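There is one chain below, alone, in structure tokens, taken in the form predicted on its own.
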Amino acid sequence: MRIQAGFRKERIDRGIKARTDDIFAIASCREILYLVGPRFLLIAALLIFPLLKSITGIYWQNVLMITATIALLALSWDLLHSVGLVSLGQALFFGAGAYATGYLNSKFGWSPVLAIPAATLLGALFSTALLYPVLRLRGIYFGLITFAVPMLLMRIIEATKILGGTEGISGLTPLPGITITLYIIIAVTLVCVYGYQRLFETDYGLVFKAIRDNDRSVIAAGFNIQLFKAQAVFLAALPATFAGAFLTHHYQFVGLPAFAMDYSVLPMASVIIGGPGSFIGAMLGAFIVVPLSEFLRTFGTLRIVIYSLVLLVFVVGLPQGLFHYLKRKYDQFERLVPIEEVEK
């Protein structure tokens, strides 16, 4: 006698992981869609939004520009955190890139095409050289140094009147239209996310992880830990200095606000909400924090309270961040699979 047993639940990714858990062998278009679908939706949304200027208005186009800027700073923070360096002063990187491109453009007349890449490298080198002597510090001690350095640079610029002093440098060469500008910074953000993820999957990235987990064992293995930390600082500074240089030409001005606390606080909040260690989480957090901050402007000073409550909910309720939570839930999606007929 044949008996139809009905249906059973099966995780959607079971077939993929059953064939190989490491290489993700693909067997059907459905599985391809399951793997790339979330990434495709995210990238598609980012690429379509700049084309909706007539619907969203120039204001929200500028909000997207600031969001991508904070996303680059959050990626920078997440890379430092992945090496065990907790930064409280991402504004250092942002301001270094901003002032470098402002000086090159105003003093030597370099176009943004040359000034922005040059300022990205010069700002990263300057920041790395500035922090190199304190890379031996760990934990909160390194964080306090990074917190103090941007304020120190602000006071030096203000007191010596260099680089425009308190008035800053204005009249810089503008970037092309907002649509092209948005596509450039979105492309850079996506490249940084992909590049950082691939970096930490290599042997070189494993050394960074080992430094975070147990730096004494890395020293015992014969690695120059301070040199690797310096390389990590340089790699982490690149997206942040680019963000500073890029936004400077967008506003055609650079001044003391380039070292503002917002460029240090918002990236940390983005990583806390999105989730550290994934890089996508840092980017996701930025695309939540910045628009949320804009929506809360209508509440006046009360928005600080609401903003703090949101952070508290994520810190207590989702300590690993929103991305890790969503990824875990997405991997648990199930479907009904018919059970084959059996003989009895």
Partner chain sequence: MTSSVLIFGLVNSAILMLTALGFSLIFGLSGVANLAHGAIYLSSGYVAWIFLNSLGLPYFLAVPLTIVAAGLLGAAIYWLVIMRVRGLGLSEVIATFAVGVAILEFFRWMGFVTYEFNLPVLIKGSLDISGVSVDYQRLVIVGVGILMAALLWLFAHHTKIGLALRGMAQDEYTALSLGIDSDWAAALSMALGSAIAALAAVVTLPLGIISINLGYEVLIMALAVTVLGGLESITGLVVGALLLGFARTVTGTYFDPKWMEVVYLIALVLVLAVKPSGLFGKYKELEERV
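Positions refer to the first chain, counted from 1. Keep in mind that what you see is a predicted model, and the values were worked out from it rather than measured.
Keep in mind that the form predicted in complex with its partner chain is missing from the display, and what follows is about it.
Proximity to its partner chain in the model of the complex holds for all of V86, L144 and R216, with the criterion being a heavy atom within 4.5 Å.
Of the listed positions (L51, I43, L33, V316), a single one reaches within 4.5 angstroms of its partner chain by any non-hydrogen atom in the model of the complex, namely V316.
Between the options L309, C29, I55, I58, the residue in contact with its partner chain in the model of the complex by a heavy atom within 4.5 angstroms is L309. Look at 144 to 152, 238 to 246, 118 to 126, 101 to 109: in the model of the complex, residues with non-hydrogen atoms within 4.5 angstroms of its partner chain sit in 144 to 152. Among heavy atoms of V134, some come within 4.5 Å of its partner chain in the model of the complex.
When contacts are judged by a 4.5 Å heavy atom cut-off, Y263 does not count as touching its partner chain in the model of the complex. With a 4.5 Å cutoff on heavy atoms, A159 counts as touching its partner chain in the model of the complex.
The closest non-hydrogen atom of R198 lies beyond 4.5 Å of its partner chain in the model of the complex.
Residues are counted as partner-facing when one of their heavy atoms sits within 4.5 Å of its partner chain in the model of the complex; in 91 to 129 not one qualifies.
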